[in-house]
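A lone chain, given as structure tokens: the form predicted alone.
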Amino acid sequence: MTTIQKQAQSPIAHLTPEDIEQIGVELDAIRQSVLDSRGADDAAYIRKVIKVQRSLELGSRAVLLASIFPPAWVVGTAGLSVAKILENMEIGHNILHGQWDWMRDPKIHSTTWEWDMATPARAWQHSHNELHHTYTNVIGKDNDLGYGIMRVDEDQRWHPFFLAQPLWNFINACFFEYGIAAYDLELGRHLRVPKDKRSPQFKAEVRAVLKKIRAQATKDYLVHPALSIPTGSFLPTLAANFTANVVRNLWSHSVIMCGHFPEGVETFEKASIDGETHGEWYVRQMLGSANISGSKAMHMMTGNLSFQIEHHLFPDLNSNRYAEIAPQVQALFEKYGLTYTTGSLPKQVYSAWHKVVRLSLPNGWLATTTKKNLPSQVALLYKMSKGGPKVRRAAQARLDQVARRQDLAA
């Protein structure tokens, strides 16, 4: 996963400027076909999903009032987990993208909806809709790529600090909503500024996030468990809410990782988007995203972000139509000789995590390590971890040399 501009064989080298702009024209036509045909059936879909989600959440919370009994705990926790995933993925994420604004329903509108996440809707819309979707997979511009805490490209200089990134990624997955809140606040950058010099806007945003977290915690960890006291279910209900939140976080994190981090997804240099045309923006979205194959139920549970390629091409189209246009988009990839990156959920999760581990290590270390040379490779890694920049550069040169020999042998 090195930036597309530095690859020996660029996957878009065969495209002429005219090809790229024609891709934009054809994608615009696909988008327009959905705009022209959406209507009552689409509106009925989102209203039904919201109704089902709310009924499932209410029913699950009712069952958990008797969660001292194990069957009730299992059923209630499973139901609440699914309800939270639906609210987060298929409902909240997509409403906040403005996918349903065309209905002109003030209750289902990107300017009025608030979701069950630690980040206030408005703050998330800025970091996600305005920044991530504009600068998709551009190193140094798209902070969603690694969330500012991971090495995401071979061209990023390796440091021993990155050895722990699989652990950070797992912790971030478990508490994903809070990691996103910190990321949306650009917490790391602001905390480096002396307290008395931090901007009033940042302080106001922190207060808004803390207010949102308090409201969520009160609902999940105080009010709902307190209602279970008469049945002796306070602690089981507390545990059920915590479990449902962790399940939702793990699921959301996995879906998002699968959409932008598996092998085959490209990254881009910052300078490459200077003067970027409409067609070039489309091509970057095509190559900077990946899909997940699966059933209709799985697609709904991902918020149809299993069609991440289609979502990044058309983030404001209602999600229930992505499955319909996906074959047309895939045909366009084939027509222009581009790779439509997709795979099953287990395959994409493995691929994304493999990359997290691979990039936590020096370039080529994992690829050049065998059972036979493992002791010497571990010793080399230890030397690189303890040594300074000069030691790391020399060791990296050695790894690169071994990797080149392996490539020639293959």
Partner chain sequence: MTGSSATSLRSRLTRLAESATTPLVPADFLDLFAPLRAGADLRGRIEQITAETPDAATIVIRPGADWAGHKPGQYLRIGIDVNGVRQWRAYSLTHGPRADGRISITVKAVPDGMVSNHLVHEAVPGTLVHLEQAAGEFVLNSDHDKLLFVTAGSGITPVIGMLRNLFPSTDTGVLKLDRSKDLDIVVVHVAPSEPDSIFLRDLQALDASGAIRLVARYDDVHGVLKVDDLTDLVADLADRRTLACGPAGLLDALGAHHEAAGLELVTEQFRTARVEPGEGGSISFANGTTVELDGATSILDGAEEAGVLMPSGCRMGICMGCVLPMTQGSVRDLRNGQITTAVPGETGPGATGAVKIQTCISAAAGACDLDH
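Positions refer to the first chain, counted from 1. Computed from a predicted model, the values in this text were never measured in an experiment.
Just so you know, the form predicted in complex with the partner chain exists too; it's not on screen, but the next bit is about it.
Would you mind picking out the stretch of 36-44, 380-388, 365-373, 351-359 that comes within 4.5 angstroms of the partner chain in the model of the complex, counting non-hydrogen atoms? This holds for exactly one stretch, 36-44.
Can you pick the one in W102, F202, F333, W158 that has a heavy atom within 4.5 Å of the partner chain in the model of the complex? Going through each option in turn, the one that passes is W102.
Of these, N320, T243, S110, S254, which has a heavy atom no more than 4.5 Å from the partner chain in the model of the complex? Of the candidates N320, T243, S110, S254, S110 is the one lying within 4.5 Å of the partner chain in the model of the complex.
Interface membership of Q216, the partner chain in the model of the complex, 4.5 Å heavy atom rule: Heavy-atom contact with the partner chain at 4.5 Å: present for Q216.
With a 4.5 Å heavy atom cut-off, would you call W168 a contact of the partner chain in the model of the complex? The answer is no: W168 has no heavy atom within 4.5 Å of the partner chain.
Hey, in the model of the complex, is T134 touching the partner chain, heavy atoms inside 4.5 Å? Looking in the model of the complex, residue contacts with the partner chain include T134, since a heavy atom lies within 4.5 Å.
Quick one: is S55 in contact with the partner chain in the model of the complex, heavy atoms, 4.5 Å cut-off? Result yes; S55 sits at the interface with the partner chain in the model of the complex.
Mind checking whether each of E263, K270 and K347 has a heavy atom within 4.5 Å of the partner chain in the model of the complex? Contact check failed for every one of E263, K270 and K347.
Even though the chain is shown alone, can you say which residues of 115-141 have a heavy atom within 4.5 Å of the partner chain in the model of the complex? The stretch 115-141, when checked against the partner chain in the model of the complex, contributes W115, D116, N129, E130, H133, T134 at the 4.5 Å heavy-atom cut-off.
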